[in-house]
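In structure tokens, the next block holds one chain alone, the form predicted alone.
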Amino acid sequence: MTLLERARPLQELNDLLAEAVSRHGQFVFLGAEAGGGKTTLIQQFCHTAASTVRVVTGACDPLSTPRPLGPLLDMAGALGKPDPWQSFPFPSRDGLFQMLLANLAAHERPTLMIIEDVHWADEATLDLLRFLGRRIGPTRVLLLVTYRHEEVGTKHPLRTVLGDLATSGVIRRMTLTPLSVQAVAQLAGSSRLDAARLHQQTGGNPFFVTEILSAGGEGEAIPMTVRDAVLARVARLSPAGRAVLEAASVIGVYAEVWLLTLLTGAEVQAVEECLDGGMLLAQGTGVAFRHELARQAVLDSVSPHRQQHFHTRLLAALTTSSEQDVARLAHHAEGANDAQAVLDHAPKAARRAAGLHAHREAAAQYARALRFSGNAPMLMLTSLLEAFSVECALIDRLQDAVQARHTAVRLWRAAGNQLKVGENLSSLAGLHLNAGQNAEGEAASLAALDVLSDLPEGVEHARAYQMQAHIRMLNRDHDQALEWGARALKLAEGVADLPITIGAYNTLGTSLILSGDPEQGGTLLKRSLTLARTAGLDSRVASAYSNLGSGYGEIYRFAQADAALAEGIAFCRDRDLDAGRLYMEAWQALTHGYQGRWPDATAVAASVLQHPTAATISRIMALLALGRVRTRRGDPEVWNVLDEALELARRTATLQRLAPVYAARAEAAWLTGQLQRTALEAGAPYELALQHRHPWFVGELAYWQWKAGSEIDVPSWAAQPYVLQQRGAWAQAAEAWYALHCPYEAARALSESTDEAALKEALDTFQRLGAQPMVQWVQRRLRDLGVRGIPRGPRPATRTNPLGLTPRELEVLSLLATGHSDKQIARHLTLSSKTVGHHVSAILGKLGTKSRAEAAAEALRRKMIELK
């Protein structure tokens, strides 16, 4: 076979395979239009590669609800043992992925792994691509996947995978271009077709060109479309041959010969005619169309009545065969318009898909069953609705999930089953919260409590109590959250419901952290974490880490927040739990920002914001982190970021989102001299923050109103650094901020003094951080005080230090690394111990370390210092 104009991509693939063989695994996305020659190129590549590597291949189904992990099933035989690959059900999706990775890593030969047509991939297969893309680097594997680029729009699930893997060092993307006029002319050879016109008509699409040439068109008889070209060839077949093609098109991408003969009664000669004419290709014990475009063209030409006839016979044949692929059975059951068969097979296919985390396919199968549920018993219908709602929620089709729950509530009400009404209302409340519709969630939760109030307590009550506790916690109504959480926990433990028990510990712990008892709160949250880990409930583990990190972050305990977030992010990354990871990364960006690690803060925030599926709450916190840093650096494009954050926060109508966003906006207004706006922004959520007695939100919002000139009496229970500043105790406030590892806030407190030394220390910090607006503000203050010799900025040595350490900080770091105490360093450098402490805090922040020992180790690793 001669490939035209494909030498370069073939050479690139050979080079990448050589890289992979040398234990630098590679992952190639090969895109082209339909009929663009992807399969032909791969066949040629495999032909030469097979002598040196193991080749395993699979393909995705063009069905409305494809088989979960269909490509992996295709290649199971070639991968060999262990046994779980030989049949369903697999032990678990994650276990299967790990097993595959181990197989690829341990095999004696390098592996060329090919998955075709991933634009049709089910959700589990896309997860597999994401899993391998993040781990394939150290293996001797070249993973080559193909897709039609014109079918992968901005909202296509594959686009998300491409985005997720964009930063992976092993990912390569290749695109096949159409053939040139010269190549088309070469293919046309001795035919009488005008090559230029043929190229114009086909756009250089290799499949289209070859179909026209195979159809034997000449002169003016160039078919207008691929479909015309394919059907022109079909028309030349005998009636028996055409019947075989029609039946094969209904069977699917791959058609078993026994099914073909059963459906058509065709003699072997009819199948041979299709093979000889190049319409079908022999594959194992079956046949397949040369291209999916050809199959679709033939299928579209089959009348609906005849298609239903074929589906009915296929369903009967497959139901009695040893093969029990329920996704395939459900597909043909729908084609046969057999309601009972759909209700038999589609829910089974949905459960199997859900078990493999192919939730999009699971939702599609439940939707298929619901379309045929007109005469189904009420119990079956409500069961389908509830399961459909669960799957839709998992794939972010929240409105579909809400609608299904509403329908289930109505049906259970009509049936007089108040327990099920309460259960569904509690689930409905959670869906509304996830959609940012907190008011609707509150209403559903209260309705659940009301409908269950007169019934004996059971698991439905525990779920309703936990939901109400969760809502109260989100609203920062901590007393009520603790009360409802305690009721939920007692009842859940009584009925031995572990998920609700874990949720109750989580809610209680979070509320305690935020209401002033971080030690006890941390203990309960870690209890939730341990229970979830032991039970293998990964999403609950992620939730515990998330609330530990965000809870500690919200009360400015950044060292504890950093630790929880780092563990949680690593946990989620290992398990591809992107939703939990993104929310924790957004909070990590915030903690970086507060601790003066601004480049890290903006990089992490930008990463979250670039993710196409980042949830609203993740996006709010990432926008907040980015807006804070841009404001403090004096960067452009501050207000567009903070405006979007406010728009999203308003949808949640919760204090935890509104207060920090308004505070950031107040700061941005103050730094640009807009005092009236500063007061308005800070005042907007102030009463709400007071109602919920949130010390940190109240403290900062009062602070900005005070800075804007408003007369405001900050409560004594507000966060002490802010209280101290508003009482003029700038030195104590600065000490408090240093203790919290917040250099910018500490410098801001110092900047409020009239003491020259304090102002210069503040200026030094602002200059090191790159906080240009505050640099200029402090320089003006110093000039107004008549100070001369005002520092203009970082010294050249500081600017060239990659982490921004000053020469003095490097001196402190060198002494710190040799075991000197603050007092000893102070004596050695003729500084006060307090100043040394400030330098040490700055060093820890810039190095991103938590202790002096870690700082010393990091400095040595980076060769910033030498031990003498």
Partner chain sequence: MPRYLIERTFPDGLAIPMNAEGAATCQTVVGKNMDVGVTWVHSYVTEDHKKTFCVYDGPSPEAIRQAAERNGLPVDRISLVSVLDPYFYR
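Treat the numbers as computed from the prediction; the structure is a model and nothing was measured. Heads up, when I say rigid core I mean the largest set of C-alphas that superpose within 1.5 Å between the two forms. Numbering follows the first chain given and starts at 1.
Only in words, not in the display: the form predicted together with its partner chain, which the text now covers.
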Proximity to its partner chain in the predicted bound form (heavy atom, within 4.5 Å), stretch among 326 to 334, 710 to 718, 364 to 372, 772 to 780: 772 to 780
Heavy atom within 4.5 Å of its partner chain in the predicted bound form - residue from 468, 602, 382, 725: 602
Sole residue of 683, 518, 204, 634 within 4.5 Å of its partner chain in the predicted bound form, by heavy atom: 634
Non-hydrogen atom contact residue 659 with its partner chain in the predicted bound form at 4.5 angstroms: no
Contact of residue 626 with its partner chain in the predicted bound form (heavy atom, 4.5 Å): yes
Exercise: residue 630 in contact with its partner chain in the predicted bound form, heavy atom 4.5 Å: yes
Exceeds or equals 2 Å, Cα of residue 260 between the shown form and the other one, core fit: no
Rigid core superposition, residue 163 Cα moves 2 angstroms or more between the shown form and the other one: no
Core-aligned CA displacement of residue 277 at least 2 Å between the shown form and the other one: no
